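Just the one chain here, the form predicted on its own, laid out as structure tokens.
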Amino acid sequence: MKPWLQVTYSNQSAETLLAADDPDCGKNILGIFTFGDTHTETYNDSRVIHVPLKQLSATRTEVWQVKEPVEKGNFKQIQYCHSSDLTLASISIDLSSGTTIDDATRLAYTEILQFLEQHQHCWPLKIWHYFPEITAGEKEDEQYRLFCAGRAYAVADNPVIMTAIPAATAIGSNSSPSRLLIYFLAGRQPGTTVENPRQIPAPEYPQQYGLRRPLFSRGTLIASGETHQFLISGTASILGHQSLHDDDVREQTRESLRNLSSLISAGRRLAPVSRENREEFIQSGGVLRVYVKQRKDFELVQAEIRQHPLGQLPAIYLQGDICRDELLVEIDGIF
């Protein structure tokens, strides 16, 4: 049985992919992601989401397909599309008029939680966040800490998300005009939270990382009949709660891959599959997104990943800032 969500990379444009979409073929487009630090094309289709990060590898689009027909809709500032099993939704908040990142995040999460309350797919499984200058500012005025505060305030008003904290990624973008982009995948049932034995769960971080701790799990395991999928959070060179290998992108990449391997092993142990099928589980398919802070490090990061077993998976490399200034690379994925 194939998983709910098929994720592939394509050299075709979003326009070409949408024109070729054929609901009768059993592969229905749930979402198309385009990338780049500039965005000139506009689409009257909520399935197309532009991620404001420059591609470092070949120009490609990311395509999410499902087996069931897809319907589209709107809720306040949220655009969404859904099949019978999954919903992909996005919200974008303008920051160029002076709206602070904590206020924008609180507004976005308030609407997201309201949307989830009234929708058939009420459980967030993985959430992606992109906003500019993620490490700008000092101490509690750092952009990432303000983002965490805005999210925490919204969740405090509606704490249902705390019963099954989803996986998440947060990356510093280069959007112009300045915007906060959040998109998320949601399902009818909560996923299984997976933590990395090598790392402290983010909600338990000490206060040196901010008065409002990050609210995400390291991964979310979702089930579709006898098959499972694993949604991986942004994974970097962190052991326990501390960043490792300052100024050494090669070792940071290796540490990130060790964390990914550890997390995948934890996911295998939690998935209700037989011992014989555990090795195949999560290795039979998937994609990686690799976020590289500095363009000059791209080839080195790519070479390190290609030497790892996970390097056999299709991957896209994007330039973006990581949520800690000393971190140079981060990896997430869908398996």
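Numbers follow the displayed sequence, beginning with 1. In this text the structure is predicted, and so the values were computed from the model without any measurement.
As for the form predicted together with ligand 3EB, it is not shown, yet the points below apply to it.
Non-hydrogen atom within 4.5 Å of ligand 3EB in the model of the complex for each of Gly31, His82 and Ala186: Checked in the model of the complex: no contact with ligand 3EB for any of the three.
Which of 248 to 256, 152 to 160, 210 to 218, 188 to 196 lines the interface with ligand 3EB in the model of the complex (heavy atom within 4.5 Å): It is 210 to 218 that comes within 4.5 Å of the partner.
Contact test in the model of the complex: Ile238 vs ligand 3EB, heavy atoms, 4.5 Å: It does: once ligand 3EB is placed as it appears in the model of the complex, Ile238 has a heavy atom within 4.5 Å of it.
Non-hydrogen atom contact Cys323 with ligand 3EB in the model of the complex at 4.5 angstroms: Flag for Cys323 set to yes.
Exercise: Ser173 in contact with ligand 3EB in the model of the complex, heavy atom 4.5 Å: Ser173 lies outside the contact set for ligand 3EB.
His129 within 4.5 Å of ligand 3EB in the model of the complex, heavy atoms: Contact with ligand 3EB, yes.
Residue among Ala168, Ala104, Ile182, Leu260 with a heavy atom within 4.5 Å of ligand 3EB in the model of the complex: Checked against the cut-off, the match is Ala168.
Interface residues of 187 to 210 toward ligand 3EB, as seen in the model of the complex [heavy atoms, 4.5 Å]: The stretch touches the partner through Tyr205 alone.
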